[in-house]
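Below you'll find only one chain, the form predicted alone, shown as structure tokens.
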Amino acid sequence: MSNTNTNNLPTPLRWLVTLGPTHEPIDQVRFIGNRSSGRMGLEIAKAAKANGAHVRILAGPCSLPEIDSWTDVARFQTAADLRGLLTEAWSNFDVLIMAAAVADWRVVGAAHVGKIRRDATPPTLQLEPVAEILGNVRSRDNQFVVGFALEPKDEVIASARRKLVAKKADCIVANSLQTLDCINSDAQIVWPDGHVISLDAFGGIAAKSAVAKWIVAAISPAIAQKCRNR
């Protein structure tokens, strides 16, 4: 991908932002999912766009009206859908923000056709792990990958450090479980060299819109360095 346009001006960085949950179907009515709102991913997309980036959103099944008016957006339902969209799009982008909350399990085999009727015997569901997505994404040396971790507060940094390796990310945004469904975030950024950046200027927690701008500002120097030869 060239880094100049016809006027010899640098082309904007291209960010690919995934957000929201996945829904893994049980039948045509029910699914295995999670409570991700997609808000943090959307706020990061808005902050990156305000900084001049071209931003494409891959959005799961979440209710954020702003997504419907976004210029470049694609929707997914399942982890398999998201994997397919990433496989198709990632080579054309510079930065991947993997804020989507992918379900950990899915029902073995195809979803039940129709609706499983309620009766005296509840159905037994056999589950299997959802295949890892981010750790299997193929990236070039000049692409920058940001992963996310959501864990109890006393475990989140250790989890983020493990995910740095498992998910082959350039950094991990770590959020405590206590902020799930909140308008605020206590995000910290964990780097491969071991150092952690916290929201000290905000007293450790702030509105997600402010935290998203902080995240974009904090990772931008590393992005510029790694993507300089795009």
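No experiment lies behind these values; they were computed from the predicted model shown. Numbering starts at 1 and runs along the sequence shown.
Only in words, not in the display: the form predicted together with a small molecule, which the text now covers.
Asks: Heavy atoms within 4.5 Å of the small molecule in the model of the complex: which of the stretches 87-95, 70-78, 146-154, 109-117 has them?
Replies: Looking at the other structure, the answer is 146-154.
Asks: Is L125 near the small molecule? Define near as a heavy atom within 4.5 Å, in the model of the complex.
Replies: Looking in the model of the complex, residue contacts with the small molecule do not include L125, since no heavy atom lies within 4.5 Å.
Asks: According to a 4.5 angstroms non-hydrogen atom cut-off, is A158 in contact with the small molecule in the model of the complex?
Replies: Output for A158 is no: heavy atoms all beyond 4.5 Å of the small molecule.
Asks: Could you confirm whether K46 comes within 4.5 Å of the small molecule in the model of the complex, counting heavy atoms only?
Replies: K46: no, not in contact with the small molecule in the model of the complex.
Asks: In the model of the complex, does R56 have a heavy atom within 4.5 Å of the small molecule?
Replies: The answer is no: R56 has no heavy atom within 4.5 Å of the small molecule.
Asks: For the small molecule, considered in the model of the complex: do all three of R140, D170 and A222 come within 4.5 Å of it, counting heavy atoms only?
Replies: Result no, not one residue of the spot touches the small molecule.
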